[in-house]
Structure formats: structure tokens, C-alpha cells
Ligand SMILES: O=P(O)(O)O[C@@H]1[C@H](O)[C@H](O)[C@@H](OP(=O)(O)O)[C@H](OP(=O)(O)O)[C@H]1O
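To begin, one chain is listed below as C-alpha cells, in the form predicted on its own.
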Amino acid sequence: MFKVPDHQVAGHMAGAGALGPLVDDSGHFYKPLQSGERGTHEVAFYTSFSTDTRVPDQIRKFFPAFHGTRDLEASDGSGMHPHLVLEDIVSSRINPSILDIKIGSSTWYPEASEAYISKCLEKDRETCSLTLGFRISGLQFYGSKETGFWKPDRKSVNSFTHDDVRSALRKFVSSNSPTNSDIEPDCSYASIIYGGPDGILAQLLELKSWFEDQTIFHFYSCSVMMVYDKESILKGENPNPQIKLVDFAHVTEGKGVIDHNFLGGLCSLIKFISDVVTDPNK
């Protein structure tokens, strides 16, 4: 049984005659291939990445599992359409809190057309990408059974300032309501979600260590998804904080050169999160 994802926070969304991803009850996420070279490039990346012996096994956990492609009835009713079959990152979570963060001060790839570069550069300048090296593309934070989710619309998220980004990263790990702007985020879950040997910060640092050496790929317009279960904390269980890299339509060959664009954005994100861990009351 295919259905529209309940917890998608960014990207093309299905519904109202729009082409978007689907999920099933088996933990699979079906992403429609984008038109033209984008879809071809993304399939090629997943295919090569899944068999590339140069990629360490411990790094593969940061990428969704790839199960090939499959033709499905498109969500927009246009007929059969090829889809990537991927791991559904949030399928095992009931009310996940999610941050989708696009990494890099430049989201355009060198081989892109002038029109595409101009479009991306304009958005990079309008958002925090150019100045911070990353921007928040989408989010949903679970409050409680009474308040549900805080999920700002895309226009609001795209207009986030530096202070909004800092606030969002603090709200992500706070116990008090994210919807009330008058209440300062308490960051009471920072040590559990961001900190510790298995926390998000440790995972980002492991990923950073690889990017300091890897010259196989350059990841343009790729996102880091951060997710955890707030309800698990309330029950005294492991909230299982996790990061995954997603969106690989614009990955290019590294050609022996370090991906400084992605690495710089990743370092910037790590600094922001480290500040929350070391001084949650700031």
C-alpha cells in the first residue's frame, strides 16, 4: 500500500496533483526520478556509491540504503513513473522531530547552466547559505500530545536569519513548546541528542573526518537530515538521534580534490551545534 509520507519536511511533495515521493509499510521511500539529467545522475550516484570499495563501511550508515529503481503509478496521476527505492529514514518513528539542513555556501554545481547557477546563487544570497555555509530547508518539531508538531511553512523557513537558525537548533533539543516564541528554549535534551558518544555531534564529527580526506565525490545541494524521537525521552527510552545525507542529483566527481564547499558548511553546522552543547543556557 503506497501513501504520501506523513513526515516530509522539504523537497517536492506529493498531493494536489503534484509529483512527489511515496512510502509503504515495509520501510521503503520511493522518490520519483527528476526529469532530464538530474534523475539519471542520482541513480548513477546511488549505483556507484553502493559498490564503491573506496567508501568506508562506517560511512555508509550516513546514507540511505539503496534498493534500486521501480516503476510506480505517479502521485500526480500522470501514469507510471520510475522511482528510486530507498530506506525510509523515519518509518520506525512515531512522532519524529526532524531538521533538513542543506549544506554548502554554493548549492550549484560547476557544470550547471548559467540560468541554473543564477537561480541558485540568488537563493543562496537570500538565505543563510552564503554566509553560514548551510541553511535550514525544512523542519518539524514534536511538542507533546496536546500541542502536536511545530512545522513552519517553507516561505517562513527560507526567510530564517542567523538568529532564527540558532533558535531552531536550540528548539530542536528543548522540552518546552517550540510554538511559543516568548519562551526561551531550555535545551534540556542537548546532552542526550547532540552530545554523548552516539549523539548527533559525534556523528557529524565522524562524517567531517571522512570529508577532510575524501576526494571521490563533491556533494552539491545535498542535505543532512537530523532526526530523533522526543516521546522516547519522555518514556525514559533511547531517542536514537541519527543523521543521514540525502539528495544526490547534483553530486559530481571529486577528481582528487577535497570537497571544500561541503566540508566548510559541515564545519559551520558543527560549530553551531557545539555551542548549544557547551553552553545550552546562552
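None of the values given here were measured: they were computed from a predicted structure. Residue positions are given as counts along the sequence shown, with the first one as 1.
Although not depicted, the form predicted in complex with the ligand is the subject of the following passage.
*Asks:* Is this site open or blocked for the ligand? Place it by superposing the surrounding C-alphas onto its pose in the predicted complex, then apply the 2.4 Å backbone/C-beta contact test with a threshold of 3 atoms.
*Replies:* Answer open: no ligand atom comes within 2.4 Å of backbone or C-beta.
*Asks:* Based on heavy atom distances of 4.5 Å or less, which listed stretch (142-150, 116-124, 208-216, 68-76) is in contact with the ligand in the predicted complex?
*Replies:* Residues of 116-124 come within 4.5 Å of the partner.
*Asks:* Would you confirm whether the three residues His41, Lys61 and His83 all fall within 4.5 Å of the ligand in the predicted complex, going by non-hydrogen atoms?
*Replies:* Judged in the predicted complex, none of His41, Lys61 and His83 sits within 4.5 Å of the ligand.
*Asks:* Taking the ligand as it sits in the predicted complex, is Lys102 near enough to touch it, meaning that at least one heavy atom pair lies within 4.5 angstroms?
*Replies:* Looking in the predicted complex, residue contacts with the ligand include Lys102, since a heavy atom lies within 4.5 Å.
*Asks:* Under a 4.5 Å heavy atom criterion, is Ser188 part of the interface with the ligand in the predicted complex?
*Replies:* Output for Ser188 is no: heavy atoms all beyond 4.5 Å of the ligand.
*Asks:* Is His162 close enough to the ligand in the predicted complex to count, meaning some heavy atom within 4.5 Å?
*Replies:* His162: no contact with the ligand in the predicted complex.
*Asks:* Using heavy atoms and a 4.5 Å limit, would one call Lys230 a contact residue for the ligand in the predicted complex?
*Replies:* No - in the predicted complex, heavy atoms of Lys230 and the ligand never come within 4.5 Å of each other.
*Asks:* Between Ser167, Thr131, Asn176, Asn158, only one gets a heavy atom within 4.5 angstroms of the ligand in the predicted complex; which residue is that?
*Replies:* So the residue touching the ligand in the predicted complex, by this definition, is Asn158.
*Asks:* Can you list, in sequence order, the residues from 134-166 that come within 4.5 Å of the ligand in the predicted complex, counting heavy atoms only?
*Replies:* Heavy-atom contacts to the ligand in the predicted complex: Arg135, Arg154, Asn158.
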